[in-house]
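Just one chain follows, in the form predicted on its own, and it is written as structure tokens.
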């Protein structure tokens, strides 16, 4: 701790400052505000009570002002996306169900409305920040997860009524695993194939009311509860089926494309593929947040396991006459300390990624390729941090023996709650392939225009690398 009388600081203070990064004050404020039991999950609740508790916690979080950090000033926010990601990441230290529900409401649903919508959707943004409008993010379908371009749900424009008709044409087209869909959400941001004037214009996002004020399904909408999951007890994942549900033309989130009253389609981006990836690219904040939350859960687990290893004693030391603390055993150090070191590295990498995100999303980095580079980094780091979480939390559980298996010590809950992080916001295998494709494309672009001398230098460099690797020098 800091010595207030002398103004001196210990290594721990400097380490915390370094790990907190550019948003140290945001983190420190959260540490003070999120103390106590108000925001901690209760593993003894049944799933209905857990969901209700998380919704109450979200209302308290909204009152603290966390959600408004990431929204634009004209919508009642502060326009600080980096601070928003960091403040919500701090919720992950308390309860990952609370983090997921908050991320769905303010990150995915709110992000879709603000970043894909225009001024005609400003009122919805202002209402969703204080939870006056509860929403969900309806992208994934039972038959389509990572393959967003081939979603089956349709949004067919009817010029006679100036409405879109939202429909689920097949069982595999039902929206599935949607956080908030089972119980709390009143409006869904629905991704569907937009059809107008008999032409499919690809996937677009529309706002579709799904429940009335009392929580009953609206006509043409059927919602189901996904039921109990392997973790995240407080998140009400569900399914949605649409049967010719009509919504006004204005419910299309029209930042990049619009449909006129007569059905004419226009877009500021002519290339359909580029339009699709631009749309998805605006939602990169969610993928960045998933990696950060997984890393936060990992740090909680390591903190618990290492503190336990400093207290738990086992086997008599003949020299001292007392039992040895676990962390004095070299094998125990090798189990936990490399994972701790890797967690430090990921914390620094996450801070840098959030910094880059803020520069891009606030328009301070307009360099060609900046958005694409951000998406590549977000994908790669999400994979790395979620895989690290899966391995590290399991190791922490085992390192704590029977104590680690008690629910009250949080490790089994952390293990269950982070397990799905390798899947949502992009399956890790698919994201790894995406990153590999980007790297190979960049590599091809780099060598394509080499002249004869360039190819000679390239071959020489490659040969040198091979020699160093095989000789062990590179290691």
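These numbers were taken from a predicted model, which means no experiment stands behind them. Numbering follows the first chain given and starts at 1.
As for the form predicted in complex with a small molecule, it is not shown, yet the points below apply to it.
Practice task
Quick one: find which of 117-125, 349-357, 86-94, 178-186 has residues within 4.5 Å of the small molecule in the model of the complex by heavy atom distance.
Solution key: Stretch with heavy atoms near the partner: 178-186.
Handout entry: Partner-contacting position among 312, 249, 144, 246 - heavy atom within 4.5 Å of the small molecule in the model of the complex
Key = Spelling it out, the residue with a heavy atom inside the cut-off is 144.
Problem - Contact residue in the model of the complex, from 99, 164, 242, 137 (heavy atom within 4.5 Å of the small molecule) - result: The option sitting close enough to the partner is 137.
Problem - Contact flag, residue 47 vs the small molecule in the model of the complex, heavy atom cut 4.5 Å - result: Contact with the small molecule, no.
Exercise for the section: Would you please decide whether residue 62 lies within 4.5 angstroms of the small molecule in the model of the complex, comparing each non-hydrogen atom pair? Expected result: Heavy-atom contact with the small molecule at 4.5 Å: absent for residue 62.
Exercise for the section: Although the small molecule is absent from this view, report whether residue 33 comes within 4.5 Å of it in the model of the complex, heavy atoms only. Expected result: Output for residue 33 is no: heavy atoms all beyond 4.5 Å of the small molecule.
Handout entry: Residue contact check: residue 423 to the small molecule in the model of the complex, 4.5 Å heavy atom
Key = Yes, contact at 4.5 Å.
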